[in-house]
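Shown next as structure tokens: one chain only, the form predicted alone.
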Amino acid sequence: MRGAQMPEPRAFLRSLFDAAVAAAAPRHCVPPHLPVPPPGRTIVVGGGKASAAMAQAVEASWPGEISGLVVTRYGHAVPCRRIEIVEARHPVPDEAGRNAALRILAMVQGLTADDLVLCLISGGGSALLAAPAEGLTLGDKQAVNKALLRSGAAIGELNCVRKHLSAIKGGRLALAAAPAQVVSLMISDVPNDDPAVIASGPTVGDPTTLADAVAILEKYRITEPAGVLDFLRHRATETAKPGDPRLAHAENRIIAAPQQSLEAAAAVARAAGIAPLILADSIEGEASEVARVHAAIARQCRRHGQPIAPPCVLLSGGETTVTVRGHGRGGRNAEFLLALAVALDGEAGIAALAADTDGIDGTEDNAGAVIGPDTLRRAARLGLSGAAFLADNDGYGFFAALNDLVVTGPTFTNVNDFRAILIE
């Protein structure tokens, strides 16, 4: 595209994000994967940030009678007529999520082999389906969740612990539904699209153990509540394991995943004459460290045309983590972008967007933010130091001051983080 008109960077980057979100919309990805209606009853249950929109898509396409309940995050409900929608707290669970999870467990009891349990599972379900194991309280789960979220633990580690503190996760929902057929439709928000990790796998065999959960808490020096460690060390029953014959009636189908959304964004880039390069759909690690690696690749592209020559856009997905040491506000995408801006230090011809495809970056009201070569200069004119805000984990405050937040509201889907770096 040398000599041709370059698109306006921010509008172009936003168009890529919008395409990524649209590719994972439940109204598109649910209907093709619906199972054949059973001779008996169909009960719809589930949890996650996309679960209400998934339920709406089921209602629009299902030919027979259905009933059930799904739980989603506050603000993520959509109207349904036959499937009850409950809203609950995320990422730290609350009583609404606990009560909904217990009701779901009760709904799937006493079914027959002629019945179908259709599970609608998406990211966020781990916190929203919050049924503590017998012997634990909701307060126990809340305390451990908060500590793990601040520790920088990877999503797989977080969900390993959650499974072993739960009455519904780690395959236990499928066990409760036996002998009914269980079909789970899953929108993946986890690296490598592992069904056992999505929403902590309520219908999937769990390869992790109680000992693994203890080791994770010890790794991050999480010792409170003391009763949780004691519970994990002495719990008599494990999660259901892969190959367990009791799960033979359960089928898990991934209906949308980060790679599909990255490919949709890449198609939009090509149509605009910008060469896309998908780095990976499952990048993990500390957000600031991932940002420094992305900055180095972007510089190599601009200065040497490797691994791809400008004009180009680097695309990546996955879920980074943030070890919280400061007192600021902001999710992992704001942290990534602020670290990227600091690492690039005003490098000409590079702009970027990072946002969560569910529309919520961590616990804030933005999906993410955007940066350009002028970001740090504009901040300096306001007396703001990017490095200081980064040290305080205050990406939200930094980008809010610059009016560079990306605000979408709930998107009603969730295929994890989306990152795009445009290099002119």
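Numbers for residues come from their place in the sequence shown, where the first is 1. Quantities reported herein were computed from a predicted structural model and do not represent experimental measurements.
Below, we refer to the form predicted together with another copy of the chain, which is not included among the displayed structures.
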| property | result |
| --- | --- |
| Contact test, all of Asn366, Leu384 and Ala400, partner another copy of the chain in the model of the complex, heavy atom 4.5 Å | no |
| Contact residue in the model of the complex, chosen from Thr112, Thr137, Asn192, Thr223 - any heavy atom within 4.5 Å of another copy of the chain | Asn192 |
| Another copy of the chain: the contacting residue among Gln142, Ser282, Asn252, Asn99 in the model of the complex [heavy atom, 4.5 Å] | Ser282 |
| Residue contact check: Ala154 to another copy of the chain in the model of the complex, 4.5 Å heavy atom | yes |
| Non-hydrogen atom contact Glu87 with another copy of the chain in the model of the complex at 4.5 angstroms | no |
| His234: touches another copy of the chain in the model of the complex, heavy atom cutoff 4.5 angstroms | no |
| Partner contact for Ala271 in the model of the complex: another copy of the chain, 4.5 angstroms, heavy atom | no |
| Options 225-233, 326-334, 289-297, 104-112; stretch whose heavy atom lies within 4.5 Å of another copy of the chain in the model of the complex | 289-297 |
| Those residues of 299-322 which, in the model of the complex, come within 4.5 Å of another copy of the chain by heavy atom | Arg299, Gln300, Arg303, His304, Gln306, Pro307 |
